[in-house]
Structures are given as structure tokens and as C-alpha cells.
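Encoded as C-alpha cells, the following chain is the form predicted on its own, with no partner shown.
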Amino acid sequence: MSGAGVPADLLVVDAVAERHGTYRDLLGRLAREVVTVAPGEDARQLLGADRFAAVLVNLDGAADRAPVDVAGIALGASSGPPVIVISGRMAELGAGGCPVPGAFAYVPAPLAAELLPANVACLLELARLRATLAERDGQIEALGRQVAELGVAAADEKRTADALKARVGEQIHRSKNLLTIMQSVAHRTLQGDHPLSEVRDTLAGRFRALARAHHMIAMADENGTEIADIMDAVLADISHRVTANGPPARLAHSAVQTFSLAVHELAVNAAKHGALRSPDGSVAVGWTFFEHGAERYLEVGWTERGGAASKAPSHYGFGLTLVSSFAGPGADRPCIAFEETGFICCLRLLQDVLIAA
């Protein structure tokens, strides 16, 4: 089996030029090309070309130190191709101290014509087998890398799928909660004998508040939603008459919808019955952290100023009932107060609905 990366040429180093044609005739059918060269710089350059499956070195006929020099050319690099040494004086060569690495074969000069073809055929087949083995090793290494990469990709896909599955589960849970809240809101809104147009507008406003809250939850990560972002979204229509400030605080997903709806009810109440009915009226919203015994909570204050004196209603409707549910345990002052200066209320968010507070 041969391929582009398999060396299939032979290099013959022989000082006797008259023998060069004999090599090509004798070995030409075995190799892709038989290259003959005399000892010297050309031979050294050809040896460095990394294109030969084997090297034949004929030491017979080389003068003086030439046998040792020729052997040194072919055998000096142990990492090169295998070498066949043709000589009638192998004993003298060994005695001369020429380094001969293990990857070589010795052919006596008188028997070169009979032994060379078989030796060359073996070396060429060895070169092909080595190239095939190297190619297979490369393929195995590449497959190993692919398997490792596929393992990493599979692990990533599993993590992504698990995260998506968890996200879908959370979304289903939130959607069910939203539907439950919407049903409760619709039921409470439709109670009483209010005009249909008023009920329709009230219900639409409450549903819009819930939709905005649901969108914020869907867009948020596991770190919850900033109180400031909730205020900006719910109070967008009256933002020019509201000041809101407080420390960074994030609300858990489980409380975003009801809190957003409570703030919406406060805004609607201010516009219909409170300070925002007056051109000079305004609302200040602020929040800060408090501790009551072992309990830590976030208190959100809503203060209306500049309108007529607020009056307590005969009974609490849906909005004020929802707001009063945020009083929290251990409250040392009323959650809702109707003052001469305007409406005031406090909403308390306990530690279990706050994230990194």
C-alpha cells in the first residue's frame, strides 16, 4: 500500500560511475526512481531530502579513505532511511572504526546482483508498512481528539439541555402562577356594582401590570429583579411626578408579580383619589433595609404630597387590601395612613423574597 507520504525512491552512492546504469536496470522495476550519485556534497544533500525508502552504498572501488567517507555519508544519521552496504571488505570497514548503526544490511560485493533485489524489495515494503502505520497512528490520534471533543460537546449539550429543561419548567410554573393570579384579580375586580367601562379599564390596567412583571421575570436571571427596575416599569406613565430612590435590592421571582401589582394599585389610587389628582401633587417612593429582632426586611415607603387631605374609605377594595398584605410581622406603625398632608403607606418585603440583600 503506497501513498503520497510513502518514500518509494532508492538512493545509490557509488564512486564508480560505470556501475550506475546497472543499478537502474537491476532495481528500476522495484522502486519509483533509482537515483545514483558519487560520494560528495551532492550525496549529502540528497540524503537530507527525506524522499528515499533505502540507501545503497557501494564501498568497492573507493580510493584511500573513501570507503570510510562513503559509509559516513550514508550511515552518519541514525534517523535516516535504512542502508544496504555493498562491500568485499566489511571486516576492514569495521576495523577502520566507521560507525555503523543497526538499521543496515550488508551485501557482499560478489553477490550483489543476486541479493540486492530481495533486500531492496524488503526495505521498500518496510517503508510502506511504516508509512501506513504512521498514517494509521495519525488517524487514531485524530479520532481520539474527535472523541474527546465530542465528549466535551456532549457534556456541553447536556448542560445546555438540562438548563433549558429547568428553564422551561420554571416558565411553566410561572405561567401557572400568572394564570392563578389573573383569575383571582379578575374575580375580585368583577365584584361589586361598578360600571362596566370602569371595570374594563381597571381590569386591563391590572393585567398590564402583571404582564410587565411577567416579562421582567422572563428576562431576569437567577439573581432576581432590581426593585428600581420594577418601579421604573410600573410607574412609567407617572414618572414625571414621582421620585424613587433606595439601595440596590433584588426581589425573588416569586414576589415580583404581587409586588408590581401592589405598586400599580398605589399609582392608580394616587391618580384617581390621591395627590396626583392635583397639578401640584407628587409622590415620593423610597426603600431601605431594617431589622426587627432576628428578622431583616426591606421597607418601601410611598408618600403623597401636594394634594388634598386624604380620607379613609369606608372599606378597603382590592388595591388597598393587597397593599396592606405587605405590612409584615412586627410592624410598629400602620402600613396605611390617611394624613392631612396626603396618603402614606409602607410595604415590607421580608428576607425570604430578597436576593443578596
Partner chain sequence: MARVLVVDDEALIAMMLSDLLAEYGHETVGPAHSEGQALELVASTPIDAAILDVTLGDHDCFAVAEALGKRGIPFAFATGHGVQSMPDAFRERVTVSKPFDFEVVRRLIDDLVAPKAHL
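Note that the coordinates shown come from a computational prediction; the quantities given were computed from them, not determined experimentally. Residue numbers count along the first chain shown, from 1.
In what follows, reference is made to the form predicted together with the partner chain, a form of this protein that is not presented.
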Legend entry - Exercise: residue 297 in contact with the partner chain in the predicted complex, heavy atom 4.5 Å: no
Legend entry - residue 239 within 4.5 Å of the partner chain in the predicted complex, heavy atoms: no
Legend entry - Heavy atom of residue 322 within 4.5 Å of the partner chain in the predicted complex: yes
Inset, instruction - Check whether residue 218 has any heavy atom within 4.5 Å of a heavy atom of the partner chain in the predicted complex, and answer yes or no. - result: no
Legend entry - Proximity to the partner chain in the predicted complex, single hit among 180, 146, 245, 223 (heavy atom within 4.5 Å): 180
Legend entry - Heavy atom within 4.5 Å of the partner chain in the predicted complex - residue from 282, 119, 257, 269: 257
Inset, instruction - With the partner chain left out here, work out from 273 to 281, 230 to 238, 185 to 193, 133 to 141 which stretch has heavy atoms within 4.5 Å of it in the predicted complex. - result: 185 to 193
Legend entry - the partner chain in the predicted complex: contacted by all of 173, 176 and 318, heavy atom 4.5 Å: yes
